[in-house]
Ligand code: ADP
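Okay, so here's just one chain, in structure tokens, the form predicted alone.
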Amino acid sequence: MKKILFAASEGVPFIKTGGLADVVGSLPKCIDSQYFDVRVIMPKYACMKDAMKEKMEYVTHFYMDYNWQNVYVGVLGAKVEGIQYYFIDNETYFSGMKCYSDDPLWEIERYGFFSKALLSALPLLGFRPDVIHCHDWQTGLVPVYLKERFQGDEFFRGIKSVITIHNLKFQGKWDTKTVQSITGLPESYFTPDKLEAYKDANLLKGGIVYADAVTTVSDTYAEEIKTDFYGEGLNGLLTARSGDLRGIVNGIDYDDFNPETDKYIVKQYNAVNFRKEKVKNKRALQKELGLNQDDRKMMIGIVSRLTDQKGFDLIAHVMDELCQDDVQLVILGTGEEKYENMFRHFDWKYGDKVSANIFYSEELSHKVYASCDAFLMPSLFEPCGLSQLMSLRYGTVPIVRETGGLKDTVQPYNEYESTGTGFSFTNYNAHEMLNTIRYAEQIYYDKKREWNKIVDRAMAADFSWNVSAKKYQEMYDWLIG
């Protein structure tokens, strides 16, 4: 039995702020438990729901030297859906009202503590992993500490590490002297070939340098991050490590996102009966949101963080033009104030065709995926993206920009060959996006049979975790050797 430990700052069902938590919650369940014992370790945040905290049991505690102090480390455990979870407990570091704070130095101190504590706890857990699978910069110091101070101990010798980059934009950077003092790492580790980048210490860079393998969440993104535009200053290092870098696209949980069993939607449907049943969800949503009730009206959905990364500057540029078209727009999400206000404005101006829901609701998100005809996602960059996978699953045709995981998962419609699962455009340009939306409108209104075939193919695509889990298993086997 090969042993794998996932180390991450968040994971479903305990705590979630973004897609990382979905990966950490779903992937371990899909890895073959006949051959792999996969466990997960994360911080025990005070802001976790009480119902989840009640599942946790005390395992052990000890004191550890960190940031010039002798610091308490508590370890709790819980078993959920067959997966063993561990939690690192320290009230100073993890007692905030939110999972993350807005203070970058405090974040580095907290997650440096977490990285060292989880390694220190391993011998007390009776679990020696063959591979520690680290996720994003918050666990970037795990491969560093593993090579720097734990290799001398017989227990740790030969443990491999892999780091997955979910979003290269976030790296954990601060000045080298301060980070060296906090982490206790030797000065020799803060050089340009190790943790130092552009005069700062960089925790993600440390993880990439010291991990035995590096992954990211789609093939295209793995190539993109070797370029200046997408590389966020680390493209040289990622190019140097390209032999150990692989892209494995994320999946989604096909039980949670299933139009046939979804408890949030008015009318359940499947790939066979969607032509008759899917529209009943549209009707109900139009009524709920106060939009014109019209089965034939093309409805376009957006479920997203409202940020520049997600392409909302393109939408802002052509929103007035788009609202002249015979479409309805349903927006769900929160983010930058300028975009929140922009959508509120258009909701006010075109109340019968634009519905701006500036909050987040799991229930409403499922209704949007099930009710809309198309789903718009014009990202500037998108390491993987999950919304387009959900929309494919629900037969809601994605309209995306060809970047990262969007390019890998949405096959553009080709009217001559009658292939494709969505619509896409190449350049980051507002009118190119608008033209693509209008092409989709044309097919929707004038070639309904063709549109339904696109839906057929979209619903037949398989982006469940099972496909990706096999690729992770191959990587673990390769690492363990």
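What you are looking at is a predicted structure, and each value in this text was computed from that prediction instead of being measured. Start at 1 with the first residue shown and count on from there.
Note that the form predicted together with ligand ADP isn't included here; everything after this is about it.
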If we define contact as a non-hydrogen atom of the residue within 4.5 angstroms of the partner, is P13 a contact of ligand ADP in the predicted complex? no
Distance check, K310 to ligand ADP in the predicted complex, heavy atom within 4.5 Å: yes
Given that ligand ADP is not shown alongside this chain, does L20 nevertheless sit within 4.5 Å of it in the predicted complex, heavy atom to heavy atom? yes
Taking ligand ADP as it sits in the predicted complex, is F113 near enough to touch it, meaning that at least one heavy atom pair lies within 4.5 angstroms? no
Using heavy atoms only and a 4.5 Å cut-off, determine which of S361, S181, S95, T261 is in contact with ligand ADP in the predicted complex. S361
In the predicted complex, which of the listed residues (A222, I159, L332, L76) lies with a heavy atom within 4.5 Å of ligand ADP? L332
Region of this chain that lies against ligand ADP in the predicted complex, out of 238 to 246, 113 to 121, 365 to 373, 78 to 86 [heavy atom, 4.5 Å]: 365 to 373
Within 281 to 312, the residues that have a heavy atom no more than 4.5 Å from ligand ADP in the predicted complex: V303, S304, R305, Q309, K310
